[in-house]
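Heads up, what comes next is one protein chain in two forms, each shown on its own as structure tokens, labelled structure 1 and structure 2.
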Structure 1
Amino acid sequence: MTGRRWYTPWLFLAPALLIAATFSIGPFANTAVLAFTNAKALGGGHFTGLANFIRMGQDDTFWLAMGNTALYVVVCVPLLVTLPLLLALLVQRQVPGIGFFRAVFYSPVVASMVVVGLVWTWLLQSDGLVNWVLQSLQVISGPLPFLTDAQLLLFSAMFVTVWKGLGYYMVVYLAALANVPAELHEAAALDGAGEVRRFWSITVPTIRSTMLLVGILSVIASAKVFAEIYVMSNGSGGPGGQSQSLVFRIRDVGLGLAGETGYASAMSLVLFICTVGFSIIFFRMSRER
């Protein structure tokens, strides 16, 4: 028997580390450096200290995008944490045909966000199916401007994000629910505990770590939203750009030959810090409970 060589684990890790360094760590470090320069798309730029961040504080469009992104996180994260759990509890039941409904709920996950966005754009147009149904049921007297009103467009994009994420997080919850000891539910039922009491006293504490994971993933996904707003606003960011997210704004600033790479990098760095901050807040809130 020969002894284990010290570098053997590193050989196994090397491909993954190389990919991470090339496509994640390296670009992040480059973005962090560019954030303190006035670099353009075609120029190297010079060190400008905190100038980009000072400019950011005076940029109304940046704060509009930041506010939309924060609203996106506040609305979408609670929905993406709770609704997939309820859906998982529903499809977990062993009833005939439940496999069909599992596949239906999961199907949006495999669809491209661009395709999903186009489908919902057609559905939410003034003469689309949603307005037609609401008018036919006499819920509204005229078509709702889902895609032409800044706030309605933003909430329509949130709906699409939540709708598409339901199936993915449902599968995560199904895996967690499978590990909840059935004997605990049986013992609690014998003691007279109802389904709601067993859910709060047994199920939720058991899957708390999974809920935390789903929450953090939802924060990250909501903070970097782009495709939904881009597709549903036809690339405009809503009327007057009032529905654009922070990623949308970064793309607008850094795009093209005249793109301000340094300023876009500074906004990217702020987005990263905010995403980490949201995740830490969610993590601490979950631990306190």
Structure 2
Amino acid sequence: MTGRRWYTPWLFLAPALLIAATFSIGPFANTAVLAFTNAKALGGGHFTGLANFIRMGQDDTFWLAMGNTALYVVVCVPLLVTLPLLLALLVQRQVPGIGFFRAVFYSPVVASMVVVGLVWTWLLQSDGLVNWVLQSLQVISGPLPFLTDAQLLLFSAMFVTVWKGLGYYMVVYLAALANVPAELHEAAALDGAGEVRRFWSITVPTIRSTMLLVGILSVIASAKVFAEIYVMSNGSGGPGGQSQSLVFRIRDVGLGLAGETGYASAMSLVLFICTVGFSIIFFRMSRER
């Protein structure tokens, strides 16, 4: 600690502090303030109390976006907690070539959501590969409107979200599975416990906190869905905007020349409370363990 002036640490912190203050903490404070005003993109705006939140209550498009987002979370999260675990169990064992498979399974994670969205758009359109496969297997008689029906588009986007997320959570699970003590499995096997039994009574309890973590990460990620719906609906949010998500709505309302930054900020605050609420629940649950 010799020869250091009091401001030395702050010089080291300065660039990071400046960026965090300007592009994160500051805008967050600003969002919290704007939410209670009627500010517009071109300026102005004064305090209007809870008016934005009351308006939200009567805004059908907000509730549509909120409902779509909630449905997104409800469908995607259970899939993202379970399927990557199965994938991790599949690739955990060291067999020749496993590194290659792990890398391939992870590759959708690396790709941009725009690329992934366009790839699946090509697969899911009415004369695309998926419809061809389903028709030739005679599962369906005519092509399904995966991208042109509001509900189906939403489910197609969910599918893409899950598809892209599999590899990421697979690696999270792999790290957790590596900590499951082999001795417990050996002992249980000697007692005659089969693989399924050992999975439920040894593996699952050991990785419980990781499952919780994956749960909360995927809740936060699903609540913020935007790019997959945007790309797969070609920027429209589905027919008549029926498939739009909350982030989609915030962007529509808040940006552009006619942007209502106050109202959009109020919706942003609702999104924040939802995601942070889940984070807090998670930290509580993992501490009580």
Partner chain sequence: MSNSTASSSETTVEAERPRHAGDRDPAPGRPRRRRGVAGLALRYLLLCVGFVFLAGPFLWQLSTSLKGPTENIFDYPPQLIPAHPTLQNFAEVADTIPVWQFAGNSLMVAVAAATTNCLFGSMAGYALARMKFRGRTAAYWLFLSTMVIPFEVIMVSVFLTARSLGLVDTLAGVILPTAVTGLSILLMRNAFLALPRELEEAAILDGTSEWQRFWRVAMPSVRGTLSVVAIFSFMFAWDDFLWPLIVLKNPDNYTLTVGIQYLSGTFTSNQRVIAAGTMIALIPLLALFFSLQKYFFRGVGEGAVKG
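By rigid core we mean the largest C-alpha set that fits within 1.5 Å across both forms. What you see is a predicted model, and the numbers here were worked out from it, not measured in a lab. Along the sequence of structure 1, residues get numbers from 1 upward.
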query: Identity of the form predicted together with its partner chain, given as 1 or 2; finding: 2
query: Core-aligned CA displacement of residue 194 at least 2 Å between structure 1 and structure 2; finding: no
query: Residue shift check between structure 1 and structure 2, rigid core fit, residue 94 Cα at least 2 Å; finding: yes
query: Angstrom displacement of the CA atom of residue 11 between structure 1 and structure 2, core fixed; finding: 8.1
